[in-house]
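For reference, the chain that follows is the form predicted on its own, supplied as structure tokens.
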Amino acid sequence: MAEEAVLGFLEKNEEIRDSGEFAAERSIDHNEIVNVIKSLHGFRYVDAEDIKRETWVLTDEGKTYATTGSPEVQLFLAIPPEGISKEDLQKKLDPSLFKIACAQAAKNKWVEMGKQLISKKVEHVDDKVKDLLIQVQQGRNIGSDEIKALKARKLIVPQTWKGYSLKKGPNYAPKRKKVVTDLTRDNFQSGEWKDLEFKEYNYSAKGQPLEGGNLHPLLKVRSQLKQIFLCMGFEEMPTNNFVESSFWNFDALFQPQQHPARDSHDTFFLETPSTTKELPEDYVPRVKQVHESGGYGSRGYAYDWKREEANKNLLRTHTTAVSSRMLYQLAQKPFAPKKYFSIDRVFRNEAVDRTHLAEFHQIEGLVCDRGLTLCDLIGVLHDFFSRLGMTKLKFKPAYNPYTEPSMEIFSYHEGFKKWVEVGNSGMFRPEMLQPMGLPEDVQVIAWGLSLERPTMILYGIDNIRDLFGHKVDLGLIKKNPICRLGID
């Protein structure tokens, strides 16, 4: 009906100036007219231009006042000629209206707000607010001052009305021709294919977007890093244990039991199960001895080492706990050089801010062989980081309980124009390696860095909570670009 009305009108007239007026004159829903116009415009039966008009509509409060009257008039009519106390007047009005009514009636100088009585100052009032609201409701124009006053009281709000003006298009016809999308056997047999009009194909139209999974930026960078390690001949360590014992996380690394990192303020300890029952009993006494009295050229820490502390379960604070397990297993066999790496999640009891989370990903690499030196470590680091596109490196002495010597790794960032810390490194101490059973001439060089920091730099993200966690924008996951880390 709407399509016939539009095409039929344009057959005898040049244009439809206003689709809203056109719909109202023919008692057709304007939304129905709009849908028809969009369809006809798409097939160029008509040429349509947008029309926008700012109108005012009543809020729910405004609709109430248009029906029952403004609060100030309701208050005025509730006051008897002799006046009334405030308490009695409050009983006559809705509690939500009383305060508004008093303020407006006093502003209009209709009432006298005495200490004992509230009385009228005029004999009669007109409800101009109600009249104005009714005019707005009926679509009539009112003055700018009146609009400003009603808007200030939140009785009206602006609304944009959208419609169209129409003219005949290049394909105009009084009646839409039915176009065919498929040529069938029946069309050929009947001969009607000669008179059919076929719908044009739009070869530039995009297909329906595919709904599939998307890789997180962290997974993309992780995949590239894993490929780098594999190209360098490294073997991936199993990192499926998020829960670890304090023994493997701290004690086996020659980290004393009174170390601040082992405090509950820095580490998540488990309540259930709170302790482990599986530790290598032949290895534990050697770890206890090196902590208490030293050995292998060390004086130890000279304290009373407690098995109860070592048994405590926790969420691992670093993937070096996995490295300690792997090195112990390596020591139980005839020695063979190994290169290991891991990339997985670790947990620390830290305050969350734009650069720190309570859980993050750690990248770790280690090389175990005879006669390794600090020069070997520096050479491996230059090889590894050059494959990440970082060719300018500097090293700064540092301290770690389980490495000596230890170094912080810095790379020059061309974008930031400054040196940025990118990781930590060192050589595992004999107090850690030899209790495991590794030969005296075997050294282990190792380094580690976070996965989040290089990912944030690569993708231009300055708040870690926008990269990992419940605040991540899913649009980032769907649209982030491919990751390449400078692999030759």
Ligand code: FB9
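Residue numbers run from 1 along the displayed sequence. Here the structure is a predicted model, which is why all the values come from computation and not from measurement.
Absent from the display: the form predicted together with the ligand. The rest refers to it.
**Student:** Within 4.5 Å of the ligand in the predicted bound form, do we find a heavy atom from each of Asn249, Ala252 and Leu327?
**Tutor:** No residue of the spot touches the ligand in the predicted bound form.
**Student:** Quick one: which of 352-360, 67-75, 111-119, 91-99 gets within 4.5 Å of the ligand in the predicted bound form, going by heavy atoms?
**Tutor:** Stretch 352-360 is the one.
**Student:** Do Glu364 and the ligand come within 4.5 Å of each other in the predicted bound form, heavy atoms counted?
**Tutor:** Although the ligand is absent here, Glu364 would touch it in the predicted bound form, with heavy atoms inside 4.5 Å.
**Student:** If we define contact as a non-hydrogen atom of the residue within 4.5 angstroms of the partner, is Ile28 a contact of the ligand in the predicted bound form?
**Tutor:** No - in the predicted bound form, heavy atoms of Ile28 and the ligand never come within 4.5 Å of each other.
**Student:** Taking the shortest heavy atom distance, is Ser245 within 4.5 Å of the ligand in the predicted bound form?
**Tutor:** Result no; Ser245 lies far from the ligand in the predicted bound form.
**Student:** For Pro435, is any heavy atom within 4.5 Å of the ligand in the predicted bound form, or not?
**Tutor:** No, Pro435 is distant from the partner.
**Student:** Only one of Met390, Leu150, Cys368, Ile343 comes within 4.5 Å of the ligand in the predicted bound form by heavy atoms, so just point that one out.
**Tutor:** That would be Met390.
**Student:** Could you work out which of Ile457, Ala48, Leu58, Val34 is the residue within 4.5 angstroms of the ligand in the predicted bound form, going by heavy atoms?
**Tutor:** By the 4.5 Å criterion, the partner-contacting residue is Ile457.
**Student:** Which residues from 442-472 come close to the ligand in the predicted bound form, meaning a heavy atom within 4.5 Å?
**Tutor:** Those in contact are Ala446, Trp447, Gly448, Leu449, Ser450, Arg453, Pro454, Ile457, Leu458.
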